[in-house]
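Form predicted on its own, single chain, as structure tokens, below.
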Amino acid sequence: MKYLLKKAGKMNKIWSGRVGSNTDNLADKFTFSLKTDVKLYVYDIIGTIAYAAGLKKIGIISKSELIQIIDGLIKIKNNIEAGRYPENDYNYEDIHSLIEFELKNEIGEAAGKIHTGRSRNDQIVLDEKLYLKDAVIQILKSLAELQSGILEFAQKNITVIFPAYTHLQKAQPVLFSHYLLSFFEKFSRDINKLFNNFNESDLMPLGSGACTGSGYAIDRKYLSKLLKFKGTACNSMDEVSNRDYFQDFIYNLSCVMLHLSRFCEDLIIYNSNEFSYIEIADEFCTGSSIMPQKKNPDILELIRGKSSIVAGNLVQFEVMQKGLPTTYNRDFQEDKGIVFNAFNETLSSVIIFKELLKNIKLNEDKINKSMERGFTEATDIADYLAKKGETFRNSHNITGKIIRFCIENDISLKDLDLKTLKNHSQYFDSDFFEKISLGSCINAKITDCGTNSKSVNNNLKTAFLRMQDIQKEIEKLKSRVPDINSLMEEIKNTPD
């Protein structure tokens, strides 16, 4: 295939001193990342303001120049938000060069000082970590809201008895609230991982330079304070090549989506005509283009599908890094799009699932009728005999024979009489039918992690308290993320 290779206009790259000719138009387009990394503009501006303050502190920039730089950067921020810069100007290359070029247009040669001792390598790590801290908080907030919704749903249906399943076969009776609390625990682990992700990434990278550190006496602790990091990274080579914070983030998002997907799969099954345990509000369903009777749980199916996208994002990210030599390589340009996609898919899925959950109604009549079939009391029959003195293995065998007898005669356990039961074991007595009622089966599970009413009520109360603590911790995280106003106040309070 023949390509018409058009040359770009006058070279205006931040690295143009070494490269003596214009880059080819195709090369410009191929390396162009502004449409993706423009999402980092506010973090790049915050980081540049802080770094300029750090340069002023060591005498590289004067006070008047710092004021010029800050005013210029604020104007650029406003222009980006107003869409005043062309999205396809390949001279910009990326968000960093856009900000630096436009700052020079605004304030002149003073703009040329802001990159002193700084590399795009440590600059982008800073932007990504600031973005990450914000993104983690957004996901945590949405998960906390989902968790609260799960607890409210459980509280509302605290006494409903429901069939637990193993191998998608009816297993034993369980409180529906206990089932819901199982997902509360799953998402709680996701929340804990995200808190750890925030804390482990909370090290300030500036001063790392391209890979060997800076030749200027940058006060890294001061920069860390301005940017609200808990500390500073200790190895420049590791810091510019480190993307563990993003990889951990995508992994954590994939765990959230995996748990959402499993929850969705359950609800899709329970919503089917064959089960009809739940009904999803019309507002969260769609219909068929050809079959008039259909009411489809498309939202749940889409979340289940999107979980594969986020899992794929994790694989993409790992494969992108696996063969890289030490420190920075241009492959890392691709990391942001992968992370942004995983974040957007996860956040939107959590938000809509939370709303859908509020609009689910239990069909208790259908559930109760289903509980009459399936012999979910079978384990409790075996336990009954074992507690009377039979060995559990014999009890299991006897119970299996009784269930087979019921199936062959098309009867339920409640249709049996004591004489028939005693033909199977003399341990059966008049208290048997009370012991295998659904309520007794529920409360017979006496371990504190089980489905008995007391444990579930206690665990539900504890879960509400845990959510209050989590929400307080999320609020604390917000104070550890800089914004322009807090940054300006901190700079203002810095002695000259």
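Counting begins at 1, following the sequence as shown. Everything numeric in this text was worked out from a predicted model, so none of it was measured.
Same protein, other form: the form predicted in complex with a small molecule, not shown, and the subject of what follows.
- A single residue from the set 188, 333, 138, 214 has any heavy atom within 4.5 angstroms of the small molecule in the model of the complex; that residue is 333.
- In terms of contact with the small molecule in the model of the complex, the residue from 92, 131, 384, 328 that brings a heavy atom within 4.5 Å is 328.
- The stretch from 193-201, 116-124, 409-417, 262-270 that comes within 4.5 Å of the small molecule in the model of the complex, counting heavy atoms only, is 116-124.
- At the 4.5 Å threshold, heavy atoms of residue 96 reach the small molecule in the model of the complex.
- The closest heavy atom approach of residue 453 to the small molecule in the model of the complex falls outside 4.5 Å.
- Taking non-hydrogen atoms only, residue 443 never approaches the small molecule to within 4.5 angstroms in the model of the complex.
- Within 4.5 Å of some heavy atom of the small molecule in the model of the complex lies at least one heavy atom of residue 33.
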